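Shown here is one chain on its own, the form predicted on its own, set out as structure tokens.
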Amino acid sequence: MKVNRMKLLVGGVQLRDGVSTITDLLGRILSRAGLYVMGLERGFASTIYGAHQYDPLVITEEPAVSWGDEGLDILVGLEYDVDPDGPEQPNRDSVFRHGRNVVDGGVLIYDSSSGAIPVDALEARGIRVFSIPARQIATRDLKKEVVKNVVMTGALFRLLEFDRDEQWLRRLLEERFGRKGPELVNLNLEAARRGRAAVEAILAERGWSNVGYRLEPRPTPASAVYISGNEALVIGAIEAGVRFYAGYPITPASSILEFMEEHLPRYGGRALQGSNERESIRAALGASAAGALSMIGTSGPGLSLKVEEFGVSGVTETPLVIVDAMRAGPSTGMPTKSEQGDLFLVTGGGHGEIPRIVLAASSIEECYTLIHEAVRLAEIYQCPVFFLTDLNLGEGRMTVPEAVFRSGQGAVTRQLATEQQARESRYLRYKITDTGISPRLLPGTRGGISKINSTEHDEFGFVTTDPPKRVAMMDKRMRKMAKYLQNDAKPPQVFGQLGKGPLLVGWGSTRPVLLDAQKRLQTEGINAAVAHFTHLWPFPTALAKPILEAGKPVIVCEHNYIGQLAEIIQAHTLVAVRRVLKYNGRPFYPAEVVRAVHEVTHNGATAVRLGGKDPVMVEVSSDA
């Protein structure tokens, strides 16, 4: 019996079957019950409606290292056929696509409203199958199709012997629907009971006392929240003092805009949806120039459209945090799939040269903590600071202790000159300084004139092409990066002992899976270490090179074709690296990384590309 330790997957038709509704219910309820839920891998198509969607969840008693491999303990299929007698084949996507991943002895539960699926091939592997006519129960018995998901949730809870007295589900329903009256709460509870009853009947018919899996609430010394990376990022940004946010709807950054629009006004700020991407970044630059801590968020082609304004931020020395929630490209690419393909763009995008800083969060907690760092650095160095996440991190959810959000980071300390300072010394907005950082006075403050000029300018802000002034101004701006490397750059986070074996190097959301792979390699007697970068640009050569030189060998794992971080590492440290690359839209799995490490260490591979095989459909029946 596996208790509080399983991986389940809910699959169905996108925007029809409510896949996310079930996983969100499970995540919130189980997190409150003291368990840890990780839902960072999400699978939905780039088409708007009708494609296959799936959400895997890892449920554990202690924080999981990663989302694990593709193997599933429990598969939940929500598809049904609107017209089961029609010419179309029955919609069995979840079973066909993911049935092969259900472990022997696992569980399949599916909506059989349009007929049972012959699954004797799965049953031959000891997989216990539950066909629940969820939609039929919802429409025929309860007259509300929308509660079919709660029928399946009740069925799932009965399978897992969880929430027998309905306290967890009732509490969540009352919070969501209480204001609409008790009828709605009672309807959903009745739907859950119908699902339970359906499972009870199958258990009795088959003579099964349990299915080998159970969920039990755990003592909860501290409360926890089930939260996405984008939500954590917004909380951190508002806490840091961001009071202006601009964006344009684009996956997977849209939820940042929605969350900001909902919450920022409570803190005296404003979120703006521009009429296009460029209007958004220009509005943010204007707000920043006027004195508000400002941020924008975008993704994919939205980032490309903003490139000219990167330069405006750099040359006018206007602080700006630019969140790039990376998705698969190029062009519109695969909007709902994750990738790490924008590193070159944010480190070098734009004509000319400007100072810029690039950070990348590696966890949902870091979306909260590191965005504070991004706001602080933008304020200090008066330049664009790029903050990289990706689709899995931004839209994925997991259980996070609430205490993380009470760490008391507070608002960043503003770096503004005062009226008195301006009166005491001649105020020059672009003053040549040893650090490259000029005094910044809010426009309208007595004692100083603020000229903002994106054309090359002198210390006053007047346009100039005078060669000595041009050289002095370029040197001044770029000296900021030397100051940053001296004061604020961070080496990669190191896990494990260096110099004893391979060094797995990563950035962004790959950290948990590299740590999982490291543990598995350890069981094989391979002492691998992990070095994970959060501060990517300017590349911290002096801090990183000694760590990288200890790798035997250095294996950089990235979700892109070229190996963009690998290229930067080789260029800046001259350390030879091997590459493990995946760019099919799916995340790394620990077993893949372990196999790739063997390819490098045993067979001498210099680059291993993963995920290129065609998906294998499962035979669920000998008659299929």
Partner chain sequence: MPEATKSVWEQNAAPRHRIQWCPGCGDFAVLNSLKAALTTLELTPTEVLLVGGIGCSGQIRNYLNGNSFYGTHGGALAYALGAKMVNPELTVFALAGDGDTLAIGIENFVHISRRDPDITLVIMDNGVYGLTKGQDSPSAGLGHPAKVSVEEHPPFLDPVKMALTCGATFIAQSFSGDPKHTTEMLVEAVRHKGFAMVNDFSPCVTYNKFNTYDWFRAHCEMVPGGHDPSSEDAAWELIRDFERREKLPVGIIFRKPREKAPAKRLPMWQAELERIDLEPMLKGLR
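Throughout, rigid core stands for the largest set of C-alpha atoms superposing within 1.5 Å between the two forms. Positions refer to the first chain, counted from 1. Source: prediction; values computed, not measured.
Although it is not shown, the form predicted together with its partner chain is what the next lines describe.
Open item on the list: Residues Arg135, Thr510 and Arg595 are flagged as a possible site; in the predicted bound form, is every one of them within 4.5 Å of its partner chain by some non-hydrogen atom?
Closed with: Verified in the predicted bound form; spot residues all out of contact, no.
Task: Segment that reaches its partner chain in the predicted bound form - one of 107-115, 538-546, 180-188, 314-322, heavy atoms within 4.5 Å - done: That would be stretch 314-322.
Open item on the list: Since only the chain is shown here, I'm wondering whether Asp93 would be in contact with its partner chain in the predicted bound form (any heavy atom pair within 4.5 Å).
Closed with: Close contact is absent here: in the predicted bound form, Asp93 is far from its partner chain, nothing within 4.5 Å, heavy atoms only.
TODO: Answer for Ser209 alone: is it within 4.5 Å of its partner chain in the predicted bound form, judged on heavy atom distances?
DONE: Contact with its partner chain, no.
Open item on the list: Since only the chain is shown here, I'm wondering whether Arg278 would be in contact with its partner chain in the predicted bound form (any heavy atom pair within 4.5 Å).
Closed with: Looking in the predicted bound form, residue contacts with its partner chain include Arg278, since a heavy atom lies within 4.5 Å.
- [ ] Would you please decide whether Val463 lies within 4.5 angstroms of its partner chain in the predicted bound form, comparing each non-hydrogen atom pair?
- [x] Flag for Val463 set to yes.
Open item on the list: Exactly one residue in Ile235, Ile127, Met334, Ile202 has a non-hydrogen atom within 4.5 Å of its partner chain in the predicted bound form; which is it?
Closed with: Residue within 4.5 Å of the partner: Ile235.
Open item on the list: I need to confirm a contact call. Of Ile250, Ala422, Ala289, Ile526, which residue comes within 4.5 Å of its partner chain in the predicted bound form, counting heavy atoms only?
Closed with: Residue within 4.5 Å of the partner: Ala289.
TODO: Could you list the residues in 390-406 that come within 4.5 Å of its partner chain in the predicted bound form, counting only heavy atoms and keeping sequence order?
DONE: Those in contact are Glu402, Phe405, Arg406.
- [ ] Kindly check if the Cα atom of Ala222 is displaced 2 angstroms or more between the shown form and the other one relative to the superposed rigid core.
- [x] Yes; Ala222 is a residue whose C-alpha shifts (by 2 Å or more) between the shown form and the other one when the cores are overlaid.
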